[in-house]
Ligand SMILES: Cc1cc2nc3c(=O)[nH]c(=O)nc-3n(C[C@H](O)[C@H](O)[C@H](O)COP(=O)(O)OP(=O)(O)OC[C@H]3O[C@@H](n4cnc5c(N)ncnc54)[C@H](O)[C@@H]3O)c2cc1C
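Presented as structure tokens, the chain that follows is alone, the form predicted alone.
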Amino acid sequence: MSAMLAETRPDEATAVVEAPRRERKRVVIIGGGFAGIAAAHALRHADAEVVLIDRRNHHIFQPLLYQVATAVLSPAEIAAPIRQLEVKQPNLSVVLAEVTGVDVASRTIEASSPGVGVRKIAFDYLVVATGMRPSYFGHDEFARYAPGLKNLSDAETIRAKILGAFELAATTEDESERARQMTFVLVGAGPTGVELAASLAHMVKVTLRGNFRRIDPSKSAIILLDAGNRVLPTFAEPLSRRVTRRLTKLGVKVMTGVKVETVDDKGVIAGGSRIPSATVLWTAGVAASPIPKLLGTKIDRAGRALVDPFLKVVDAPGVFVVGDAASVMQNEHPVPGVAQAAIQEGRYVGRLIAKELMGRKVKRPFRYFDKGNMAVVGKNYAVLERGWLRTSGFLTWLVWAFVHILSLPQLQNRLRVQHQWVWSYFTGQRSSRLIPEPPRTPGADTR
């Protein structure tokens, strides 16, 4: 870590920004997701000090989080340590910290690290790539009973809830409670909800078959709710209808045009009716992290920063917002919040900064190249939409698998996932079916 970063002792509240003049410009990137890492990589040859800050030490391949949540893959198979970037990029430093403040006027940020305290870090360029978090549409109390799916902790929590529900169903003598434990409600029929529901349907019909003597997991009820009038609303309507038919064939009950009114420890109330359920999963809306608000710029209803065509924050020179934290318009339509858009935005900003450091002015605004949308709906079935091209079925599923394998962050991730998918495809089994034990009180009886 560069000595120019002002440090604090644990007993200090806030550090003082370094006094010595820096020889090289400093680019601070907040967020180690798709956009942040793409921006850092694009700056690998720049004559600058690049500082990448994230509160986690790993990058997650989010498109496969649902497979961790349904025990297909383990967390390590879709994640990679961010710090390994330092090995291949000499001008890059990684800081494990959470950004708690941004002062655009003084060109500093505040970052808090466990056991270290708060430090102030000066920047010449700032790239905000902090992504999204689940949005409960003003009902944050739902989060206690309906976890979202945005990180590895969320995925492991959901996996434990799903597997634990079957264990409790096999234990109880109360038939109504058994039915409640074996009812799974997913709120939100976008790609995450559809993929999670389909994977869960395959688990109960194939993976858990014969695993319980007192219950039949295939009798589970999987309900996918959405307030909209169809699943996958960002896809063309014909593909949406195909996906609905596919989900129904898998045993998923699709209920559209139904608004969730309450989520509690007994289940949900939707459309005026109570659905008893021990496992409610939130796969609906998302909102930006709090960081864009700290920039003092205009934000949209989801909390994303409104940026100009160069992804710059208006009236804040050298400050950029990319990925899901940015609201970007192109051809009078918003750029979608998908991984490819985040990667392209991060790469564009990294290259723009590198050119400015060389004294060159960038005149071409950001243009998103749409490579298409994909969603997988269980084994052997996926949908793809790109412009006029709309396909579905087994061959599309093979394309989906190939693209996702190649997109994983490391070679070892690709090999592990490929091996696990092949094994699961032919056996129907899933290897990551562990329920973590809750932390024990020191000195408690562990028998």
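Note that the structure is a prediction, hence the values are computed from the model and not measured. Numbers follow the displayed sequence, beginning with 1.
Keep in mind that the form predicted together with the named molecule is missing from the display, and what follows is about it.
Residue contact with the named molecule in the predicted complex: residue 150 places a heavy atom within 4.5 Å of it. Residue contact check for residue 281: none of its heavy atoms lie within 4.5 Å of the named molecule in the predicted complex. Proximity of residue 62 to the named molecule in the predicted complex: non-hydrogen atoms within 4.5 Å are present. Contact annotation for residue 303: none of its heavy atoms lies within 4.5 Å of the named molecule in the predicted complex.
Comment: the named molecule is not present in this chain, but in the predicted complex one of 231, 377, 127, 342 has a heavy atom within 4.5 Å of it, namely 342. When you look in the predicted complex, the only residue of 92, 291, 71, 158 with a non-hydrogen atom within 4.5 Å of the named molecule is 291. Of the candidate stretches 347 to 355, 159 to 167, 128 to 136, 218 to 226, only 128 to 136 contains residues with a heavy atom within 4.5 Å of the named molecule in the predicted complex.
In sequence order, 97, 98, 99 are the residues of 78 to 104 having a heavy atom within 4.5 Å of the named molecule in the predicted complex; the partner itself is omitted from this view.
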